[in-house]
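In the structure tokens that follow, the same protein chain appears in two forms, which are kept apart as structure 1 and structure 2.
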Structure 1
Amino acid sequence: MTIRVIIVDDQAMVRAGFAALLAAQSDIDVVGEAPDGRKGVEVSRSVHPDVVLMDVRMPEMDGLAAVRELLSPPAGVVHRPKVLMLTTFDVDDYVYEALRAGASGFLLKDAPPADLISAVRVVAAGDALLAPSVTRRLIADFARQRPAPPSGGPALRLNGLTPRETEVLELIARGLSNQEIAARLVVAEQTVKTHIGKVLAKLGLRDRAQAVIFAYESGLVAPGDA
């Protein structure tokens, strides 16, 4: 199936460059673009893309506000695309909040072209895009700036997980890939995927990105944990 993509960025050169790169792929179709978040929401609701590439900082409406509108639409709007945030900085509070709002991941604007193409495919397939090394730095940095998690709420929801599921969630939050988790636990990678699916279902989380956020906010993983 062809992946339908729109590009939302206030720089015309960036939009043109990304569009040319993605349109050259046989499985990706760029179906629209917009110069700001407000227009991006309008275009998305018009053409129903599978993936929205969303810049973080834009005039009129920034990427964070646009993500919230796209992923918490008004009654009657059922389309919810996957959103991949684009940022110039690898540590950005807007990106953290966007992940909490339901974005599927983030990508640095200066990433290699192959990474952008891969990112679109990963997000379209329903996976979260969080580079392990950046995950640790991004989430831990902002978790340090937030108050300690309360004893109730998210922490209590951990009680519904089995010990192995809790262990898998902790390893996800520490930035390990499925392959690395499988090696650490000495199990098949498919088994890890099964555990992750159960964790997401039990905790009511959308994807791996929200699982990382939850692990920090529940206190399962503390900022600075290796």
Structure 2
Amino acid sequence: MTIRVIIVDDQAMVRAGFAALLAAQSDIDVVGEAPDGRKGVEVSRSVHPDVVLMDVRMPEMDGLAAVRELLSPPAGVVHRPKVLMLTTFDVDDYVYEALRAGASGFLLKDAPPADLISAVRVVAAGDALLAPSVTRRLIADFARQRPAPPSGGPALRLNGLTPRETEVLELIARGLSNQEIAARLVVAEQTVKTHIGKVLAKLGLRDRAQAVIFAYESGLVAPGDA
């Protein structure tokens, strides 16, 4: 039983390299390639691979959107390939979104070739695999449910929110009023309102109550770390 793989990456050289590497394995077949997310989704829908190797950063449709498109069943789509995300540099914040969207793994491109190959096999088998540094972050984030974060910096950035907006959102999710948030951040209350307005608009929410819900559902805050 060979593992059918497609490779989605905007850099042709990268695709060629991975393809050569994987095709050399007797139990892996590279059955397709695509230069961007949109085409990747199309190719996946037509060839039905077992595993999709997907770069994060791409033109036209980035890996994240592609994963969502691919794994959210938009009608009568029965085929759900495993998705292995790839990223060039270090861990970026897309990790969390990708995992939530249903990705089975996350690797750095500079990982040893043997790791990539075994990752494909692991994912195809229905298990998951993360780069060690990613695992570390995930665990840290997971463990963060008991202890209060000492530094508590809002370095994380989800859904196109700016750091400041994310910070405000978290304070909303802590139950603070605009006045209290303003005091905490040492800015005018109107500035807080502006930030909140942008947050609501960007996330498609109506009021702060829905913002709190979003914060919990997205994992920005979790029950227990009050």
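What we label the rigid core is the largest C-alpha set whose atoms superpose within 1.5 Å from one form to the other. For numbering, take structure 1's sequence and count from 1. Since the model is a prediction, treat every value here as computed from it, not as a measurement.
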property: Selected structure - criterion: the form predicted together with the DNA; result: 2
property: C-alpha of Ala211 off by 2 Å or more between structure 1 and structure 2 on rigid core; result: yes
property: Per-residue Cα shift, Ala201, between structure 1 and structure 2 [Å; core superposed]; result: 35.5
